[in-house]
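Take a look at this single chain, the form predicted on its own, given in structure tokens.
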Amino acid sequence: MLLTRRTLMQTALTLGAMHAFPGLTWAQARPLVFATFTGSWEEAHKAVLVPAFRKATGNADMVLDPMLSVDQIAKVNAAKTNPPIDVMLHDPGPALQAIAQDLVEPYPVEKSAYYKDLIPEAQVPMGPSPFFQVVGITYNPETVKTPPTSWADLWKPEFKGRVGITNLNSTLGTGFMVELAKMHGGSESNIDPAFKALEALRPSLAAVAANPGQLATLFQQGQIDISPGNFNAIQILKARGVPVEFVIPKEGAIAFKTTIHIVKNSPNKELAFKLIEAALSPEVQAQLMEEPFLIVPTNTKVAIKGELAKTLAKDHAEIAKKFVFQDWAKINEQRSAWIERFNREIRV
């Protein structure tokens, strides 16, 4: 077993609690464990959500454990009766898998002070959505003089050899393929038109990135000029001085609900509920909407302003008009097969 500093601190906290309260089991005594995402998500939650949770609970012990959704699900599946995680964070595809595998609790909506204030798309009984991720078109304004307005612009001849995409392992890559299918008569159940359109795009592709982070690196290195892109990732690039802009295509921005869940059999259900309540609160969402985080709020009590209002939508009513929410239950039915087909057929 690899003992990290974090592991040792967590163990010490747990042993201290068991010494103070001899009736506690090991599981009951350990701090709340919140599995967030890595990178900017971890930074945002460390800076805003964790302090708000500690303030609301009298400084309750908790551990922020960043990892991918697939790893969260694997860890909880490996110890369902004594899960090592109390709160999971998921994109829509993994969230449905976690629910189908009976790994999460229904959210106690009747106890929540904020659930009713969420926009309808964020009111998910098995785990509400405190945040959205938004995908549009990313481009280099120094080389792309006329800002793109449609996903179809990626096929323009002037971008030959300068287009980037991600593979289908990422939510971004799969979401883009579904929109591509819809543009050409397909749907969440019929992806064939998207593969046909990608075949036509192959001469223009400079790279197929393994994930959104690698796509950002390609912009930094000047290897691509235009691609589907995540709004938050673009803001990070801009802050580093990389010439890059984000636009919503006329077909609409792809929006991913990021949901937060109480893990089934968690020994810390009440603290897990309080952490999620903090994430849903207007105070935390208003802070996360500010730079450098620029996370889209879902609580209708939060007035959208700043860079979000300028680039994405001025209020929640406009979000409903401009954002496209895809049917991930349908997508999940065939996603594994799509990934295999993509890896077999789409090479640069």
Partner chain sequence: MAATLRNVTTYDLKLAAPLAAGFVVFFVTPLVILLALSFQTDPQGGRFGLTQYVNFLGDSFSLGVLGSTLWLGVKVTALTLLLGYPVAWLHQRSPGWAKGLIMLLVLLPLLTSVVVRTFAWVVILGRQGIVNASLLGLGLIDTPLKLLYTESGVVMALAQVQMPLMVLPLITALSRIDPNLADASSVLGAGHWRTFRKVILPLSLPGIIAGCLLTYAAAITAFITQSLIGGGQMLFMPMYIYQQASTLQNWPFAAAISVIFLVAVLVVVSVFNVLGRLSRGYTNA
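Owing to the predicted nature of the structure, the values given are computational and were not obtained by experimental measurement. Numbering follows the first chain given and starts at 1.
One more form of this protein, predicted together with the partner chain, exists but is not displayed; see below.
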Exactly one listed stretch (240-248, 109-117, 274-282, 201-209) reaches within 4.5 angstroms of the partner chain in the predicted bound form by non-hydrogen atoms, and it is 201-209
What is the one choice in Gln123, Asn265, Ser187, Thr217 with a heavy atom within 4.5 Å of the partner chain in the predicted bound form?
-> Thr217
The one option of Gln221, Thr149, Asn82, Thr146 with any heavy atom within 4.5 Å of the partner chain in the predicted bound form is Gln221
Heavy atom to heavy atom, is Lys257 within 4.5 Å of the partner chain in the predicted bound form?
-> no
Would Val324 count as a contact of the partner chain in the predicted bound form, using a 4.5 angstroms cut-off between non-hydrogen atoms?
-> no
Flag Gly161 as yes or no: does it have a non-hydrogen atom within 4.5 angstroms of any non-hydrogen atom of the partner chain in the predicted bound form?
-> yes
Taking 4.5 angstroms as the cut-off for heavy atoms, does Ala317 touch the partner chain in the predicted bound form?
-> no
Candidate spot Arg30, Arg54 and Gln287, all three in 4.5 Å heavy atom range of the partner chain in the predicted bound form?
-> no
